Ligand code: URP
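A single chain, nothing else alongside it, follows as structure tokens in the form predicted on its own.
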């Protein structure tokens, strides 16, 4: 059945205007003034804003770590994303097999029957040789056009510089984008060993053993490799002042590099990790200082940062105490695993359902960014960079009807109840927010109506992506 959204104000990455939107099936059929569709279902968006569904390019669902697993799977995490106004996510595939196709198939087995919004995958490359390089075209056939490498996690995920450079060169050959987790693994391993030897096992040492200059030098070092390889590079979850400076420095010198930060790095610091519940804030890379918060905000405000992701990877704070989720009790071992040793705290936190509501209040309402810049960072830019535009991240005839009707006046005391993330805490618990999703559509079907969940397992589609843009 056709749907006609009337009387709303459309917000895109570049424009703000009053118009109606006609949906036919899964796509936007027309946008204009006073559209006439007598047989369509009519949806009134008076005094509301109409945004493209959010695109979160950095999520981890059902991810094994430290003897447990992230508490959101590809259903619960997708549901949380939808309640927060996000309709597309990209997850990361572990390189657990010699065959990259087997790795992809294993992640499809996790996701396909559970997916509640549209989704795609990045491929982690943690082992690289000529045989792996020959398999990159297999990823393209699967619609996977982005690879992730690590300069940290020695002996587990890290590639040496030769490996990273050759991934960059091979990715460039096939028009693929390389993502980088930028920290210095050698420095981290040395400092962690020193901390444990000295008996420094409290939570704050997770940050103290991962110095910010390690991120800065890794960004600049790999940016230099990208320049030599004529490759595109995307830095994930940027958390430091020096990192933002190195991103700006590299872009000003013509390197094809882009940056992503996350809400947690704009608001929280190492002092949160010093609290009695500090394990809630443990993620990698870690929270830093107020000076880092300020410089990252500056990068956002000046357009030096291209994307707002989340690095959503939640764990229970107290995995021994069940919560009720969709009427059933569930408990998954979590942060308590590291109560006596920071190196055993599962690294990650919930954010996929918080990103848009929090950033609207703290970014748009506060005057730090325009509504158009909000749409660009949270939807349009990631869709363009990761080869989904204009199907995703756009309100255009022919685009998927992934639409959020946003109530700019709605006031919410945010927290666990609103975020719908399957864990027992929320970093933004008690925050007073102004502006919240009212209705969310996925390819023309309403999946969120206020507090009501209308989506379903298996309702999401896998997106085969094309080569993206360098912004």
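Positions refer to the first chain, counted from 1. Everything numeric here is computed off the predicted structure, so don't read it as measured data.
The same protein has a further form, the form predicted together with this ligand, not shown here; the description that follows concerns it.
Enquirer: Based on heavy atom distances of at most 4.5 Å to this ligand in the predicted bound form, which listed stretch, 297-305, 341-349, 197-205, 138-146, is the contact stretch?
Expert: In the other structure, the partner sits against 341-349.
Enquirer: Between this ligand and 318, 330 and 422, in the predicted bound form, does every residue show a non-hydrogen atom at 4.5 Å or closer?
Expert: Judged in the predicted bound form, none of 318, 330 and 422 sits within 4.5 Å of this ligand.
Enquirer: Out of 355, 280, 181, 384, which one falls within 4.5 Å of this ligand in the predicted bound form, going by heavy atoms?
Expert: The residue from 355, 280, 181, 384 that makes the contact is 181.
Enquirer: Of these, 293, 212, 372, 284, which has a heavy atom no more than 4.5 Å from this ligand in the predicted bound form?
Expert: Flagged contact: 284.
Enquirer: Does residue 91 reach this ligand in the predicted bound form, with heavy atoms at most 4.5 Å apart?
Expert: Outside the cut-off, so no.
Enquirer: Might residue 118 be said to contact this ligand in the predicted bound form, defining contact as any heavy atom within 4.5 Å?
Expert: Although this ligand is absent here, residue 118 would stay clear of it in the predicted bound form, with no heavy atoms inside 4.5 Å.
Enquirer: Given that the partner is absent here, does residue 60 sit within 4.5 Å of this ligand in the predicted bound form, heavy atoms only?
Expert: Contact check for residue 60: yes, within 4.5 Å of this ligand in the predicted bound form.
Enquirer: Would residue 150 sit within 4.5 Å of this ligand in the predicted bound form, counting heavy atoms only?
Expert: Because a heavy atom of residue 150 falls inside 4.5 Å of this ligand in the predicted bound form, the answer is yes.
Enquirer: Check each residue of 308-342 against this ligand in the predicted bound form and list those with a heavy atom within 4.5 Å, in sequence order.
Expert: Going through 308-342 in order - heavy atoms within 4.5 Å of this ligand in the predicted bound form - the hits are 311, 313.
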